[in-house]
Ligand SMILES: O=C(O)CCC(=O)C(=O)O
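Just the one chain here, laid out as structure tokens, in the form predicted on its own.
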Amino acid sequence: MKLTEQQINYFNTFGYLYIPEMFTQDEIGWITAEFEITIQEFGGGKNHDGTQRTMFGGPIEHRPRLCTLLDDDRIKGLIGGVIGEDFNYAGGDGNYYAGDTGWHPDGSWGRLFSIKVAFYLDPLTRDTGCLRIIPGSQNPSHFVRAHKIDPNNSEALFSVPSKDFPTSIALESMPGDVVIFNHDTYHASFGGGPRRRMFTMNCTRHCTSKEDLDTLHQYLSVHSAGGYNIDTGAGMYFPTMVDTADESRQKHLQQIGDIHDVMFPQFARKTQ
């Protein structure tokens, strides 16, 4: 998959890109089945009672077939099209969601530094928990950021329910659709049930400048296994992701893996 100039312009302007039917129904079938096994065995899914979110790290990293999503040319083309073909894979989270999330960005880097690819495994509408976006809110000059407006206070500020925050949109989706968005983009979910299945892949740009390397250290201090005080046994990533990596995948693991080992030597990759 190669993004068009128009798609890249759209992403850079509005902070997200929605790709319907990226995966066929057969493909999303095995992806969903593998996710269910993973969240049940590794992610605490057996204890989910619908009262709160169940979340676990590295959702594609525990089973060999899910690891191959990082090798998929469509996924690599999507990510590479917005942050460069030499992007860094930076983990992700798998979820049984419960209830609303409220409006939030996943970062405030002030520039395009990191992105999230989101897979929604259930049909979702505006009334049943689909992703909502405030287009353009990744930009530091956007009115939400420039005027320090909290969209969650929309009712008090504007007599408008926060789910209907002005200029926001609801991205209704079906399994097989994929959304990629800038971590700085404000997003939310409202009205969903107690067991919405969703997982993500996080990626950063490959860093060469001091500014980017400093930002990557800040990013990993929070968004990493070590940042969550988790010993994966393989440093930044869970072992299956590393053990099944070929040379092509390894280039997306190397930089963050190396830096993570230095930042969190107590969790560094074990040498044979």
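From 1 onward, residues are counted along the sequence shown. Not measured: the values here are computed from a predicted model.
One more form of this protein exists, namely the form predicted in complex with the named molecule; it is left out here, but the text below deals with it.
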**Message:** Taking a heavy atom within 4.5 Å as contact, would all three of Y97, L131 and T200 count as contacting the named molecule in the model of the complex?
**Reply:** yes
**Asked** H142, K163, R196, K76: which sits within 4.5 Å of the named molecule in the model of the complex by any heavy atom?
**Response** R196
**Request:** Go through T101, N152, T125, T167 and name the one with a heavy atom inside 4.5 Å of the named molecule in the model of the complex.
**Result:** T101
**Request:** Answer with yes or no whether S173 is in contact with the named molecule in the model of the complex, where contact means some heavy atom within 4.5 Å.
**Result:** no
**Asked** Hey, in the model of the complex, does S114 get a heavy atom within 4.5 angstroms of the named molecule?
**Response** no
**Message:** Just checking whether D106 would be counted as a contact of the named molecule in the model of the complex - the rule being heavy atoms within 4.5 angstroms.
**Reply:** yes
**Request:** Answer yes if any heavy atom of Y89 is within 4.5 Å of a heavy atom of the named molecule in the model of the complex; otherwise answer no.
**Result:** no
**Fill in**
Here the chain appears without its partner; judged in the model of the complex, the stretch of 144 to 152, 81 to 89, 186 to 194, 67 to 75 with heavy atoms within 4.5 Å of the named molecule is 186 to 194
